[in-house]
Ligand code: FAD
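Coming up is one lone chain in structure tokens, specifically the form predicted alone.
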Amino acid sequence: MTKTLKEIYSQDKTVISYEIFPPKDDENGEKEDKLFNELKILKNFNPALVSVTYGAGGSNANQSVGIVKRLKTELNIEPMPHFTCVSSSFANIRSYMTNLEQLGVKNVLALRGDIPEGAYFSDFRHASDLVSYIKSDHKLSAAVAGYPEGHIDSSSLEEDLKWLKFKVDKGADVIFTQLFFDNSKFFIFLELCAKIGIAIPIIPGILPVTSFKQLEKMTNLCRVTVPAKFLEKIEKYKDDSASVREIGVEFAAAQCQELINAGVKGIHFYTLNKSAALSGILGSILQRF
């Protein structure tokens, strides 16, 4: 039975979820088939849902819908499609949502979205606009993004929290956080959210580090602190891919264990469409799920 976000995160255990993205330049579908082979491995860890991204303005929305359909029919996994404001009109969002509802989708993730060169805002400018629309015109459960160290475009964490509260007040049901590597930042974030009256589940986002270049890229794209000892280890072995993967898996497993011990409702993994590192992490803490 399809569950809403509220139902998924009302359970008395930590549930897991994944983020995937439609493969680029996949005219014959081979890359998508490879993605589903990875997901078949990850299904063994009983994910509560899988979120599916799409490009600015729904540039690959049809591909995303196809993946959503395959998640439900082939793998019997609950999908959570992304929606972004960039280049998105009421008409194309309404059409996309209606299509998804006909597939039995119950949950979506509302985002402002990154702003690539040449993109623009149409009928939606903020994630809160999307949440308001979803709640007024569709029977869908809406998640939003949170940033434990503040959004990269925000002047401060306090300012960013005001906008997060605004999204929650518009009807968001769950918050999924941006990736982070320092759990203390997440715990402080939880306290600050509670102080301003945010009472919905907040699900930490975890990225297993598998390469030094990947870590550099992510820290350049978003506001995130990398613990000095972890960074030192990764940098020391940056040219040894096997060692970097092992260090990344060990670090993420310990990070997740601490979050589970703290009683988080869920953990959302940024898979980068790969199963190997995540399988290592979940395998080491399997008994907790």
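Note that residue numbering begins at 1 and tracks the sequence as displayed. Worth saying up front: this structure is predicted, and the values here are computed from it rather than measured.
Absent from the display: the form predicted in complex with this ligand. The rest refers to it.
- Only one of T210, S141, S132, T177 lies close to this ligand in the model of the complex, with a heavy atom inside 4.5 Å, and it is T177.
- Comment: this ligand is not present in this chain, but in the model of the complex one of L100, A172, L109, I93 has a heavy atom within 4.5 Å of it, namely L109.
- Contact annotation for the candidate site: E149, K185 and E250 all lie away from this ligand in the model of the complex (no heavy atom within 4.5 Å).
- In the model of the complex, this ligand sits within 4.5 Å of a heavy atom of G113.
- Interface membership of D153, defined by any non-hydrogen atom within 4.5 Å of this ligand in the model of the complex, is confirmed.
- In the model of the complex, this ligand sits beyond 4.5 Å of every heavy atom of L190.
- Interface residue remark: T53 is counted as part of the site for this ligand in the model of the complex, having a heavy atom within 4.5 Å.
- Across the options 161-169, 100-108, 194-202, 132-140, residues that bring heavy atoms within 4.5 Å of this ligand in the model of the complex belong to 161-169.
- The partner is not shown here, and in the model of the complex the stretch 230-266 never reaches within 4.5 angstroms of this ligand through any heavy atom.
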